[in-house]
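Below you will find one chain, with nothing else, as structure tokens; this is the form predicted on its own, and questions on how it binds or moves follow later.
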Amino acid sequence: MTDVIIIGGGLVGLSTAWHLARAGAAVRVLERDICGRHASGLNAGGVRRVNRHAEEMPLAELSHMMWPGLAEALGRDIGFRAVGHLLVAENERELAWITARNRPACEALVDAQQIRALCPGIAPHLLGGIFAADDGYAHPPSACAAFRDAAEAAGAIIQEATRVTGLSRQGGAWRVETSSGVLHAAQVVNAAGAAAGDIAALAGESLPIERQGPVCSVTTPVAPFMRPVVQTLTRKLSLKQMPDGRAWIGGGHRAQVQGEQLAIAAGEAQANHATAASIFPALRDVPVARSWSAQDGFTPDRVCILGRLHDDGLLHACGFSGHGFQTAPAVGAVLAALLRGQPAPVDVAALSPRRFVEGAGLPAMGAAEVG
């Protein structure tokens, strides 16, 4: 019998497998497609602490300490670049909101002049913002592949093209029915991303997970015009320029979800590009080369779920709501500790799925009030 079965071969599942296998646990990852095929490998790669919910900050800070050393630990370049992350204010109300919520320990308030020193080509209407010099981005496919290979090298079994069809308690353990046969494990991790609600339902549990498809686009190469990642507060934009000159555009536009399929409306990608061009005029005449989307699981409060509903060995790690890439290394460390009966390296009690049983979830960050 396996010690831990992890359902989901995204970055959270692979990170957890790596941490567990290095500690000597017998681990098996079940992935319905190919590891990193969905949101973990197809997101915009933001590695940020800026503009995060307070209850996710312990995870974000722990991951922040881990990212610079991951390439060496995993044995492969993951494209991590600490270029900084800049959250900008486009009007006085946004500037007031940003100023009130500044976290001096990891962020610095910057004025209009300092923004232009960081990004000389930025539009003139930007008034100020918050800058985290040590944040940045990584390359999602490379990160997923690195965690996968490192987990396997440490002894984890990675089983792709395997769909979980049943999940039940049997004789004090978990019976996991799959498209490839029946498996048994002492503990199970539900790290199934957009399908996490479906996996929970197989075990008779309910999680408020909504399938959404964040849209990303990439332009053709353009001469360097920015260094840090730039995010807007109330408009949908997260923008970075890669070393090859391409601009990666994301930040909140959504594809249409039809079951497990996605359809990107032309207007969504166009609107995202228009927002990017309004912040950096250098992009106005630069065409979008391609757009894509991948489903992720979103919670009502847009904060991840991390914990158990019952003391039965089923642990949920899902609902990362489009911004779980940065925290995945820390989530793996936390889950590995909890599964081994050890104290978690950071407090994640507020992220428990029980918050939706006992109430409506965590209070919103409040940025919508300035929009």
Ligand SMILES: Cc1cc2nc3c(=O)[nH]c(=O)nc-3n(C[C@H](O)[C@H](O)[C@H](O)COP(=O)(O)OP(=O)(O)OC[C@H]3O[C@@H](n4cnc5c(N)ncnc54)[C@H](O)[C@@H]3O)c2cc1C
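In this text, residue numbers run from 1 along the sequence as written. These numbers come from a predicted model, not from an experiment.
Keep in mind that the form predicted in complex with the ligand is not shown, yet the notes after this line are about it.
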Open item on the list: Is it the case in the predicted complex that G129, I279 and R302 each bring at least one heavy atom within 4.5 Å of the ligand?
Closed with: no
Open item on the list: Quick check for you: of 35 to 43, 306 to 314, 341 to 349, 58 to 66, which stretch puts a non-hydrogen atom within 4.5 Å of the ligand in the predicted complex?
Closed with: 35 to 43
Open item on the list: Considering non-hydrogen atoms and a 4.5 Å limit, which listed residue (V188, A200, L237, A192) is close to the ligand in the predicted complex?
Closed with: A192
Task: E94, heavy atom within 4.5 angstroms of the ligand in the predicted complex - done: no
TODO: Decide whether D135 counts as a contact residue for the ligand in the predicted complex under a heavy atom distance cut-off of 4.5 Å.
DONE: no
Open item on the list: Under a 4.5 Å heavy atom criterion, is R163 part of the interface with the ligand in the predicted complex?
Closed with: yes
TODO: Although the ligand is absent from this view, report whether A336 comes within 4.5 Å of it in the predicted complex, heavy atoms only.
DONE: no
Open item on the list: Given a 4.5 Å distance limit between heavy atoms, list every residue of 1 to 25 close to the ligand in the predicted complex, or none if there are none.
Closed with: I7, G8, G9, G10, L11, V12, G13
